[in-house]
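Only one chain is included here, represented as structure tokens and corresponding to the form predicted on its own.
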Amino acid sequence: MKKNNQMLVGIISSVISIAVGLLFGFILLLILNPAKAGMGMGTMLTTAFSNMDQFGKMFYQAAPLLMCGLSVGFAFKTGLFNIGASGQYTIGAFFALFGAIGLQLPWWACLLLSCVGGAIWGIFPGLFKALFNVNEVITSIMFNWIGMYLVNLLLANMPFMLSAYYGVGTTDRTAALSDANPSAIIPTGGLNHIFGNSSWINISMFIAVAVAILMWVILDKTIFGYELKACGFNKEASRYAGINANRNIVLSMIIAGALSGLGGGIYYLAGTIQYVLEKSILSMGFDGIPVALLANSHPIGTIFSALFISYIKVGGSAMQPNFSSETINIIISVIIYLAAFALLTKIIIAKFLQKSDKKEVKA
């Protein structure tokens, strides 16, 4: 199948998956509350465009989603399944907040630190895979939990990082950046005036899009990207061709970790959210999996899939109080994870087209 046809099949499969997910969501609403199902679905589909503040919130949530989607997609392209994006995201967030509150660094330096934190957490699954052939899914899942509890432990023993230290909060969350270090807040670049003085909007989406374009250039336009993808297609064949497969496995996981870590930095340096000592793994990294699958792991496609996931999340949060938060989470989960079947849909469509081509040739 030609490259243009492959791209078209990818787009069609994603659209079909989204449509099926929305249909399942509507059916679920009908089962739970038939009288308000139409209104609920309407709220989900229109809230992000109802006013500029909600529109800004969509972009705010899409930026870290995009980074986690890029992280998972980049690893996919190189033959690895980075299910450890949540742990890398959490460690990246800690590094960013430590730079902001503990070291009093400016926002751009804190973002660089978040990349370093995520990259460090990505090294371990890469090394275990390259040196001992341990499945990266196993190690990255374990490092999700290790990362979460490690951050909780560190923050609990760093009182200067917590909001209670500044007399304006409690000991279960980090200090607000507006109190601790306003220079660490990602600038709005004047976008807040365009978006009706929205408290959500900043330049993070532009940063995330720029990184997505950079990942596309690396994967599709450089020798390094070619080597990474070659290892993903066939590690043994790439070794025979003289490519250092073990090095590329480790580098791939380091880059994937840095992308997730940057997502954590982007989210918490916005100045609107404080990191709370968690009891369960943050879901942002897991949400990156359907974002990547919906985009068929293409860096540019990931931009649009992240915007879509953020779009339905903003709409879902506006469905209260007509629907409980649990109901909303179930609906959003159904839509998100049915959207993740885009890859399966793509395979089915591709096989159908191949059979059609064979019949035409025989005729």
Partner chain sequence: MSVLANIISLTVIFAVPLLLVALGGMYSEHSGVINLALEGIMVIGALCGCFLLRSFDLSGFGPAHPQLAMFLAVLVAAVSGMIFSLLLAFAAINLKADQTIGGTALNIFAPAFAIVITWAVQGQGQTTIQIPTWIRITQETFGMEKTDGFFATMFFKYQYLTTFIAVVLFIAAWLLMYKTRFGLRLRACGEHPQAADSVGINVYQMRYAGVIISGFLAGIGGLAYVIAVGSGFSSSVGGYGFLALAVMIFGNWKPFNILGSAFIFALFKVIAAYNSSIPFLPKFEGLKDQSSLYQMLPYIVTMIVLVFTSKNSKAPKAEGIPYDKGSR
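Keep in mind the model is a prediction, meaning the values are calculated, not measured. Under this definition, the rigid core comprises the largest set of C-alpha atoms superposing within 1.5 Å between the forms. Residue numbers count along the first chain shown, from 1.
A second form of this protein, the form predicted in complex with the partner chain, is not displayed here; the remarks below concern that form.
**Q** Which one, 59 to 67, 299 to 307, 39 to 47, 314 to 322, holds residues whose non-hydrogen atoms are within 4.5 Å of the partner chain in the model of the complex?
**A** It is the stretch 314 to 322.
**Q** In the model of the complex, does each of Val116, Ile218 and Phe352 have a heavy atom within 4.5 Å of the partner chain?
**A** Checking in the model of the complex: none of Val116, Ile218 and Phe352 is within 4.5 Å of the partner chain.
**Q** Answer for Ile330 alone: is it within 4.5 Å of the partner chain in the model of the complex, judged on heavy atom distances?
**A** Result yes; Ile330 sits at the interface with the partner chain in the model of the complex.
**Q** Answer yes if any heavy atom of Val134 is within 4.5 Å of a heavy atom of the partner chain in the model of the complex; otherwise answer no.
**A** Result yes; Val134 sits at the interface with the partner chain in the model of the complex.
**Q** When the contact criterion is heavy atoms within 4.5 Å, does Ile336 count as touching the partner chain in the model of the complex?
**A** Flag for Ile336 set to yes.
**Q** Closest heavy atom of Phe76 to the partner chain in the model of the complex, within 4.5 Å or not?
**A** Looking in the model of the complex, residue contacts with the partner chain include Phe76, since a heavy atom lies within 4.5 Å.
**Q** Among Ala258, Ile201, Ala175, Ile289, which has at least one heavy atom within 4.5 Å of the partner chain in the model of the complex?
**A** Partner contact (heavy atom, 4.5 Å) among the options: Ile289.
**Q** Could you tell me which one of Phe233, Trp145, Phe206, Phe224 places a heavy atom within 4.5 Å of the partner chain in the model of the complex?
**A** Spelling it out, the residue with a heavy atom inside the cut-off is Trp145.
**Q** With the partner chain taken in the model of the complex, which residues across 290 to 304 come within 4.5 angstroms through any non-hydrogen atom?
**A** Contacts from 290 to 304: just Leu293.
**Q** Does Pro321 count as moved between the shown form and the other one, where moved means a C-alpha shift of 2 angstroms or more after fitting the rigid core?
**A** Pro321 C-alpha, core-superposed: shift of 2 Å or more.
**Q** Say whether the C-alpha atoms of Ala19 and Glu326 sit closer together or farther apart in the model of the complex than in the form shown here, given that their separation changes by 3 Å or more.
**A** Relative to this form, closer in the model of the complex.
**Q** Do Ala37 and Ile332 have their C-alpha atoms closer or farther apart in the model of the complex than here, with the shift being 3 angstroms or more?
**A** Farther: Ala37 and Ile332 separate by 3 Å or more in the model of the complex.
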